[in-house]
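The chain below stands alone and is given in structure tokens; this is the form predicted on its own.
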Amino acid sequence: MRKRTRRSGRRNNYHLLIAAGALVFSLAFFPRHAFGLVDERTPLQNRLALKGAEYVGSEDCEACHEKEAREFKLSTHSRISLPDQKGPSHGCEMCHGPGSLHVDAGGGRGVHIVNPKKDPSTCFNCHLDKKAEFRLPYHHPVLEGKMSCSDCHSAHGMEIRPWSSTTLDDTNEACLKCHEAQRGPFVWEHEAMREGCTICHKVHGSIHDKMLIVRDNNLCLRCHTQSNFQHVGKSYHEDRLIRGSCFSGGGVGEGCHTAVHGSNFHNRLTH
């Protein structure tokens, strides 16, 4: 019986190895659009669509796009340049492609020009780390084409720090455009919200559900620790921490704090 069990175990492991190899092969050699993701060959397609176009410089763009040009001069992107090179290394055309055909056609939305809003691959040419994060199990559906980088980011926008002398914008404003339920104000707030959503969430992608930085009560204990631990606040938590999670949906088990963004009903952040 033991020999049969060992043989069956080896056979199962062999089958798992074959399945894993087939998956790696399919991901490596089949086009990404077959899996419902954006085809990474799109930048090449854009270049073919702009075949024959030449770089004209940002000055020609400013004639029509005055607002974008004014904002762009104050943005981080505007400082990306390679002085010894010409063309795509700086200015509007480093993201939108050579603009001569677009200018000759008198402009027009999407006419002989690259629109990064419709193709995140343009952003991924530089932001390789974010491209990798979008491939993690829990992520915003950018690769699936359901949203774009520009839904959260303004590529032309000024370099500003929220809640500083340069702006009164909330640190969470980009997230709260979609996640209205977390906006508040709440009678009992969770002070972590003042620090920003990124205190708890990896906003591009994560290996944890709800795009959390870490799972279970490990997330809460990053802030809620004190010298007389296992006390948290004024309450003894040893018998509660073993449940696995301080809040609902945090991983293993269901916790007590069901309104982690803020509550209108209880100072312990419950509904």
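Just so it is clear, the model here is predicted, and its values are computed rather than measured. Residues carry their position along the shown sequence, with the first being 1.
In what follows, reference is made to the form predicted together with a small molecule, a form of this protein that is not presented.
- Although the partner is absent here, residue 268 lies within 4.5 Å of the small molecule in the predicted complex, judged by heavy atoms.
- When contacts are judged by a 4.5 Å heavy atom cut-off, residue 80 counts as touching the small molecule in the predicted complex.
- Looking at residue 185, you'd find every heavy atom of it more than 4.5 angstroms from the small molecule in the predicted complex.
- The small molecule is not drawn, but in the predicted complex it has no heavy atom within 4.5 Å of residue 136.
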